[in-house]
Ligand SMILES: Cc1ncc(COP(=O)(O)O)c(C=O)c1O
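The chain below stands alone and is given as structure tokens, in the form predicted on its own.
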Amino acid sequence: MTFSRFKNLPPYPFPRMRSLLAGITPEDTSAALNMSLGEPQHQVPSFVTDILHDQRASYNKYPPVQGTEAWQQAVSGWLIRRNGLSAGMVGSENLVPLNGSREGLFSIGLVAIGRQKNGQIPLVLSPNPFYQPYAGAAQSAGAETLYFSGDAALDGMPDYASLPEDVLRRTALAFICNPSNPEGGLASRDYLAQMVGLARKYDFTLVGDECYSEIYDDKPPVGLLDVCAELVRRGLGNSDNPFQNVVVFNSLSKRSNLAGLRSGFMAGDPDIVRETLRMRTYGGAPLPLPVQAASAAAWNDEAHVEANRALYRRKFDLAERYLGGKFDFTRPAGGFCLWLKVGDGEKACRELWRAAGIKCLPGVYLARPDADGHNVGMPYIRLVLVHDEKLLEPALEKIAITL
């Protein structure tokens, strides 16, 4: 048998990292830490585990694909509060429950990408560096991916508007990650409005990956649904479908330290939502009822999110203390990643593992080379600030010394 659909997917970063470090024995493990995996280590909200236990009897029921009414109300309420939307602007017709945002980001390609776009092979626009499921979304639907490095003038966001018209006419799907991962940059309101206009002009689906939106240093990232609503208020959108051509993804993994719960959502254009639910009726995995109940409670509570954000700010302070002024260190405006320019990312990762037992990801594993063979991630490493301060401080000190 021949399996070829996914043969051109970029290699996944973590197996590459394991191969890179294979055969190296750390010399000093006093500051050993895995800083490669963005898995939050903060405390799980106790009310979540209480609800999972209390609702355990409902595991014997098939859950609704579109979510329970309580889940819908909690998520729509959060989206309305978070984005300053009018009451009733988000309802069940705008929502899809997901087993984490990764599942939805991958499968959106099956919904939004046709066999052809204007008589050509469809194109997917992706930031570079990028989250690997973006590539999977394109590949699964038979599309091609154009990786577009960020523009410094746009706070590191990809300038899709600068692409030639023939490229934009082929585009079926475009991803924006806000805050960006791994750079930690924030998209401006004007930039997002421009991207919405572009999606509508060339009739493609604009995807806002906002899974890091609730971890920020100073100001909250602007939401894509917020921008859509503002365009309607300015007479520049469709009041009958304010989220036309736009969907956003978010989850409880980063916001609520619930990566293992596998609970997220897609929200936006009801036409895209309808087709997504149709697909998921045949091949989706609905959230179990206890998970939906616990998720609804998490979306309804902001106290644990504010406490979570405060912990990350303290870790940003630590990182700045030890790495400020080195390696082009920039305090992340959003997210929990450090993107350090070290000259040779692979060499630096091997050295950190050899000298201190600290794992990180080479930036080259998170990006793709351009037409000239240059990989924008080559000189960088990515470190994640997910551990508590007691573990993190000696590791940051060791990183500064070693590099």
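What you see is a predicted model; the values in this text were computed from it and never measured. Just count from 1 along the sequence shown to find any residue number.
From this point on, the text means the form predicted in complex with the named molecule, which you will not see here.
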For this session: Among 207 to 215, 155 to 163, 80 to 88, 220 to 228, mark the stretch whose residues have heavy atoms within 4.5 Å of the named molecule in the predicted bound form.
Result: 207 to 215
Exercise. Ok, Asn94, Gln292, Ser251, Gln72: which has a heavy atom sitting within 4.5 Å of the named molecule in the predicted bound form?
Worked result: Ser251
For this session: Scan Pro127, Gly100, Gly109, Pro122 and let me know which has any heavy atom within 4.5 Å of the named molecule in the predicted bound form.
Result: Gly100
Exercise. Is there any non-hydrogen atom of Tyr312 lying within 4.5 Å of the named molecule in the predicted bound form?
Worked result: no
For this session: Using a 4.5 Å heavy atom cut-off, state whether Leu105 contacts the named molecule in the predicted bound form.
Result: yes
Exercise. Is Lys117 a contact residue for the named molecule in the predicted bound form, using a 4.5 Å heavy atom cut-off?
Worked result: no
For this session: Find out whether any non-hydrogen atom of Arg262 is located within 4.5 angstroms of the named molecule in the predicted bound form, and reply yes or no.
Result: yes
Exercise. Which of the residues spanning 172 to 190 lie within 4.5 Å of the named molecule in the predicted bound form, based on heavy atoms?
Worked result: Cys177, Asn181
